[in-house]
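Only one chain is given next, in structure tokens, and it is the form predicted on its own.
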Amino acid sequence: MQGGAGVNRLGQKLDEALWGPETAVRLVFVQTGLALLIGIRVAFGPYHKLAGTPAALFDPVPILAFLGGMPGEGVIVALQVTGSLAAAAAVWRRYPRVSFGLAWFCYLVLAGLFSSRGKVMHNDLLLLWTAVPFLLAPVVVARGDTEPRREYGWPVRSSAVIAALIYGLAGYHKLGRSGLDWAFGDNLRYVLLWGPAYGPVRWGEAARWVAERWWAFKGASAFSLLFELTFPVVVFWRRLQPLYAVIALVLHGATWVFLGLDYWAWAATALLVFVDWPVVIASLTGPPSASAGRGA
């Protein structure tokens, strides 16, 4: 009996995590934000520089296996223009299902081309995957509806679950490849010392300062691994979601400052998905005053 009750409770928690209610306001806000992020990545990403990649260096990812070589600059720019216009239409809620889907598809192809040079790049992974539920999200919604409903909740909740699992799997793979030595060994020290040689570092002196102090680089690596491994708990303890989103912002910001690695899309996606911004904005603006309501 106790086992059956435990299974039922787990099922209820999973149901709430994936299908719990959200407001139409938040649904539209998150989808619009994702469309904006996709548009920015598509429009300003350095994808046109991929043109001219030698055939020997072109190793297409599975979804682009039909390509015999890197497309020309005209094709890549066309994808960028199409994706940017589609993303803009999605932001303005013009044919949102078609425009959002087209923007996402162009982004997928461009990110795939970026990763077809022998090394899979993870810069766009979180944004691409968390946007997937919104390909089928309701499009006929009352934008001002503040009543939580399950029909509005599943895209937001599913997107949050996907994002949490991606962070958790990132930590799992680190642990699986290097064990606890990833956190307590010299891995981060070497990354901080040699990483700046490969990218436009914003604060190389700080990276060296951390690398030269064992308690700093070991503490930072242990914290980041623990953060990733425990990220999935936010699926069930939703109150922790804003905290984890802020920590993600700090860690991705530190990665950019110390190593010059571009993970701003991860930070922006985490903040968008895990923080209920309509509620935050409403709490900051507050209800209209009585005098304003009377037109005084």
Partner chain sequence: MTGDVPAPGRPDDAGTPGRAQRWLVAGALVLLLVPGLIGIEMWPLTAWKLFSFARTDRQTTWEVEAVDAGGRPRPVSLDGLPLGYQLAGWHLAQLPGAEYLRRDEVCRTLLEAVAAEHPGVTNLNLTRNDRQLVPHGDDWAVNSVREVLHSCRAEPA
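If you're wondering where the values come from, they're calculated on a predicted model, not measured in any experiment. Numbering follows the first chain given and starts at 1.
As for the form predicted together with the partner chain, it is not shown, yet the points below apply to it.
A heavy atom within 4.5 Å of the partner chain in the predicted bound form is found for exactly one of R94, R143, R213, H122: H122. Within 4.5 Å of any heavy atom of the partner chain in the predicted bound form lies no heavy atom of W277.
The partner chain is not drawn, but in the predicted bound form it has a heavy atom within 4.5 Å of L259. At the 4.5 Å threshold, heavy atoms of R189 reach the partner chain in the predicted bound form.
Although the partner is absent here, E151 lies within 4.5 Å of the partner chain in the predicted bound form, judged by heavy atoms. Residues A111, G112, F114, S115, R117, G118, K119, V120, M121, H122 of 109-123 are found to place at least one heavy atom within 4.5 Å of the partner chain in the predicted bound form.
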